[in-house]
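What follows is a single chain, given as structure tokens, in the form predicted on its own.
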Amino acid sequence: MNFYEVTTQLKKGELAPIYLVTGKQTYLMEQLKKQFVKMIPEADQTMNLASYDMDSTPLSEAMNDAMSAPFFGEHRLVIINNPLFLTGEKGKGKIDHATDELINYVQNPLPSTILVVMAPYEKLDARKKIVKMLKKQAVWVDLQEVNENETKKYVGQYLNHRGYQIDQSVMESLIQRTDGQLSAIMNDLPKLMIYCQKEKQITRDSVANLVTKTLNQNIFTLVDLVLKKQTTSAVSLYQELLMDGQSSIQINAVLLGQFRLLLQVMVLKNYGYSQGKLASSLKVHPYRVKLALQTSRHYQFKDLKRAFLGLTDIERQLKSTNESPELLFEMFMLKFA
């Protein structure tokens, strides 16, 4: 089930006893959490609503609450946050979570309790019994990457409901600067709305002045300059990124990753992969795949490969020598050009 389907059900008052919410769309996860809270009347929330952070609280406390009847109300809402025990990762804390209690509860939930497990992770450990049980018994809400069209629709509706307009070209600019990340866009919208409060029209200038390009977006520009062999401009942008506080190793790693993506997209496209299948197979945001497809049409495989190998050599030297990162990149550009 996706975000729109579950929110529609909640607005209709259609409630399930257990929900499992996964994915790294933090904005949508917070919005969904607010929808769950609305299911409990405000006057009852003090006694019938509880939220537990598994980074600092034992699971047993949340389960004791979930197994309690609501206090003078119809439902009790219990939210479990950051359940790292559902993944294959090990937490830094020393809390030992009794997952057997959750397994037993999932098999026989209390009808008056709404138990919501908020797991802000891309992947759960499917081998674990508790994960299998939750996926089988709970309503599973998957908040993975939102595609470009869904992002535009959501942002457009959000602005329209508040009396604002945005042209398609400005929307494209907003998508481009934020790398198509819905959470990043929603974080920037309040200041854009204040900036454009008088006209109620989000402008290109407001996006240019207030929305900071992501590192990936700057790297995409840098990739374009490298492939066009514009040495002076490429070195200048590289220096700007360093001055902005980005480390040379991080810049090179993201740059290397972008060229790896271009090579993968070029190869898989020849095998008939669509944009959607590429994003799914490579586990990359659909907008990045779209840009990679557009870029790969203009360059040859041998050039992409040569740049990738050159950046691999820079990575090796950054980790094994004291050479200046700027000098290494400049030498790479001169050789590539």
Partner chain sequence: MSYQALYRVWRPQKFADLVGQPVITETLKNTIITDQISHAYLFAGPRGTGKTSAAKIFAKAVNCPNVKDGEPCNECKICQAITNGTLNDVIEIDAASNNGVDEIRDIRDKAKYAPTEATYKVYIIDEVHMLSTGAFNALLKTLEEPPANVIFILATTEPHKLPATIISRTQRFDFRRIQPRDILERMEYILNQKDVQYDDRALRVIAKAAEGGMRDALSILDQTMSYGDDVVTYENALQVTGSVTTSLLFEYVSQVFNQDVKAALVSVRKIMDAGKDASQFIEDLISYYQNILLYKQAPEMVLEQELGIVDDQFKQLSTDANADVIYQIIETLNNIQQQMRYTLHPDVYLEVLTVKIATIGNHQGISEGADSQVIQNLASQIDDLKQQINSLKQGRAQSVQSTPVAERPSDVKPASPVSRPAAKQAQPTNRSERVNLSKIYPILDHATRKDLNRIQGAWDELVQNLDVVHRSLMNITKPVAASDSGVVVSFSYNIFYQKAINDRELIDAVGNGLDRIIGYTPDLTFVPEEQWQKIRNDYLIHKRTHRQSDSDQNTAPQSADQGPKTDHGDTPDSMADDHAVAKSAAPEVVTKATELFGNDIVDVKND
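C-alpha atoms forming the largest set that superposes within 1.5 Å between two forms make up the rigid core. Just so we're clear, the structure is a prediction, and the values are computed from it rather than from any experiment. Residue numbers count along the first chain shown, from 1.
Just so it is clear, the following notes concern the form predicted in complex with its partner chain, a form of the same protein that is not shown.
My question is simply whether Lys191 lines the interface with its partner chain in the model of the complex - judged by any non-hydrogen atom within 4.5 Å.
Contact with its partner chain, yes.
Check Arg127 for me: does it contact its partner chain in the model of the complex (non-hydrogen atoms, 4.5 angstroms)?
It does not: once its partner chain is placed as it appears in the model of the complex, Arg127 has no heavy atom within 4.5 Å of it.
Close approach of Asn209 to its partner chain in the model of the complex, 4.5 Å, heavy atom:
Residue-level check for Asn209: yes, a contact with its partner chain.
For Gln197, is any heavy atom within 4.5 Å of its partner chain in the model of the complex, or not?
It does: once its partner chain is placed as it appears in the model of the complex, Gln197 has a heavy atom within 4.5 Å of it.
Considering its partner chain in the model of the complex, which of Thr113, Thr231, Gln176, Gln264 comes within 4.5 Å of it through any heavy atom?
Checking each option against its partner chain in the model of the complex, the one that comes within 4.5 Å is Thr231.
Only one of these stretches, 165 to 173, 201 to 209, 129 to 137, 251 to 259, has heavy atoms within 4.5 Å of its partner chain in the model of the complex; which one is it?
Selected stretch: 201 to 209.
At 4.5 Å, heavy atom to heavy atom, what parts of 311 to 326 sit next to its partner chain in the model of the complex? List them in sequence order, or say none.
If the 4.5 Å heavy-atom criterion is applied to its partner chain in the model of the complex, 311 to 326 yields Thr321, Asn322, Glu323.
Is_shifted Pro17 between the shown form and the other one (CA, 2 Å cut-off, rigid core):
False for Pro17: its C-alpha shift is below 2 Å.
Quick one: once the rigid core is lined up, does Ile175 have its C-alpha move by 2 Å or more between the shown form and the other one?
False for Ile175: its C-alpha shift is below 2 Å.
Could you check, with the core superposed, whether the Cα atom of Lys38 shifts 2 Å or more between the shown form and the other one?
Comparing forms between the shown form and the other one, the Lys38 CA shifts below 2 Å.
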